[in-house]
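In structure tokens, one chain follows: the form predicted on its own.
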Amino acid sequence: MAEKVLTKAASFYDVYERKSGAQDVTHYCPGCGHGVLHKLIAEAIDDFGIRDQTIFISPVGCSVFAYYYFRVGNIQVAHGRAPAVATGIKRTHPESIVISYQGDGDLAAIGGNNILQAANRGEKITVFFINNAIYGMTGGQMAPTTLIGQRTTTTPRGRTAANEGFPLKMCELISTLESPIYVERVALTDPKNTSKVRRAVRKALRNQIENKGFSFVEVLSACPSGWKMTSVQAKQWMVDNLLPQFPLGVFKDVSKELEPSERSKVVFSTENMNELLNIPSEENIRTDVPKPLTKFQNPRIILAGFGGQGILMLGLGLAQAGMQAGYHVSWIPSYGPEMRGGTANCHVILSEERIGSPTVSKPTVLVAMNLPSLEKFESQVEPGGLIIYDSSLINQSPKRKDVKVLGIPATEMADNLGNTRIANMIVLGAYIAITGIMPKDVVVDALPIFIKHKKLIPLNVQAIEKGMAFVDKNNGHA
């Protein structure tokens, strides 16, 4: 006689080790629909046998908690950007099953354009949209789907059409586009409707398994905490208020008209890749570059200053020269609100081994071209590290006593050469001189790659030499 055993879906972790606090329970409030929807998705993943192929995209809001629970691939993304990231993942891994899991404050607000464009392109992903008509995680603010008259922390007198506009109906919007193949709205209210949610989840995933196109399932869900109700009251409020405003049903379904097709893995060609990315060919990579002293090896560098000081170009130049010197390199820029006059910094890593992450949280080298940058990053430099600062613009020395410090009047020296914009190259010359990370000729050979105006290359070479000479004269080789 067969025995039916009810267990947690295998697509859930047995213990939620990624979660702080009690690791055998979820974050979700009593009556919240997220947990129920998670269960339905996990069971479908198990039944379809796609766990090892599934990649979950979870953005800001309660949706982000999926990372703790689902035993599948998972990428957490910025607010509203799940469809954009899902697009990139699906296009590079078309054999995978990509799920974009989003709430109403995420998908319909800051992510509104992202979801419309992904749907309009017909990206072959599955989107589960949880609509509870409120920002549930961040304090109960009004969402794009908040009802007329509904009170939230940002609409204490109730939402009005005149002031905040009408609630957005995402199924209705998306179903007007040509590319989506399946658009349905369902609700987690009672067993009958929950059964329809289960069918919708499976249909949306089946469409992707069969490589048919873009599927969008909107799930009306309760948020008792945000609505300040009991679970029972919240379910009834959904029936009385949400369902009349957001009618259930299939808004578009052309999936039966499409034939299943194979989800084949993309094989990318590396032909001309090095040339396209300005990566030096093997014959152009130097193998005779001497190693610097141990304390200067494998540097993790933060370069910072005002926009317009050439901070990002300095980082690019250092990374390009590093490649030609045979290092593994990475470079990540960071802008302030304005490109010119605002703040700018970048992270550069030069490593003898492959680089796991390009971000630098504990730099071994800091180059500060203005006082705000010195004040911001000085404390982050590892003990025994190096701080180089522009003493022309910074009128105080670093306070740290456990790091090596070089103050160089880079801007003044550049002005004397006739162009203040080459202060960055003076600093580059000083850095390679004090650390011995690479010889001058490697840097000079890299200049034509990252400097657009070739007539300025001789001046940049002169600036590098001035920076090196300053170290030789005032500091000596470290």
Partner chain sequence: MAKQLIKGNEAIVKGAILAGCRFYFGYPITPASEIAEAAAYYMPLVGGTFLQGESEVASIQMLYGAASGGVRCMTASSSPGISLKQEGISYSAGSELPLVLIDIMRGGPGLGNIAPEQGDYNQMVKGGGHGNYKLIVLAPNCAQEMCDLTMLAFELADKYRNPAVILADGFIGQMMEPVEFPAPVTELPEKPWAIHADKNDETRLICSIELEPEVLEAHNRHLQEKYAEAEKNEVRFEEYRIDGADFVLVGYGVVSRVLQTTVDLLRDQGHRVGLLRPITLWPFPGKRIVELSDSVDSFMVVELSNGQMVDDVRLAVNGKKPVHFYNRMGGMVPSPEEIADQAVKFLED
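Numbering follows the first chain given and starts at 1. Every value quoted in this text rests on a predicted model; they were computed, and no experiment measured them. Superpose the two forms; the largest set of C-alphas matching within 1.5 Å is the rigid core.
The same protein also has a form predicted in complex with the partner chain, omitted here; what follows describes it.
- Look at 76 to 84, 150 to 158, 243 to 251, 164 to 172: in the model of the complex, residues with non-hydrogen atoms within 4.5 angstroms of the partner chain sit in 76 to 84.
- Contact annotation for residue 67: at least one heavy atom lies within 4.5 Å of the partner chain in the model of the complex.
- With a 4.5 Å cutoff on heavy atoms, residue 440 does not count as touching the partner chain in the model of the complex; it lies far away.
- Residue contact with the partner chain in the model of the complex: residue 227 places no heavy atom within 4.5 Å of it.
- Residue contact with the partner chain in the model of the complex: residue 117 places a heavy atom within 4.5 Å of it.
- A heavy atom within 4.5 Å of the partner chain in the model of the complex is found for exactly one of 407, 333, 307, 122: 333.
- Shown here without the partner chain, the chain has 356, 357, 358, 359, 361, 362 in 356 to 391 lying with a heavy atom within 4.5 Å of that partner in the model of the complex.
- The Cα position of residue 300 differs by 2 Å or more between this form and the one not shown after fitting on the rigid core.
- With a cut-off of 2 Å and the rigid core superposed, residue 382 has a Cα displacement that reaches or exceeds the cut-off between this form and the one not shown.
- Here residue 450 counts as shifted, since its C-alpha moves by at least 2 Å between this form and the one not shown after the core is aligned.
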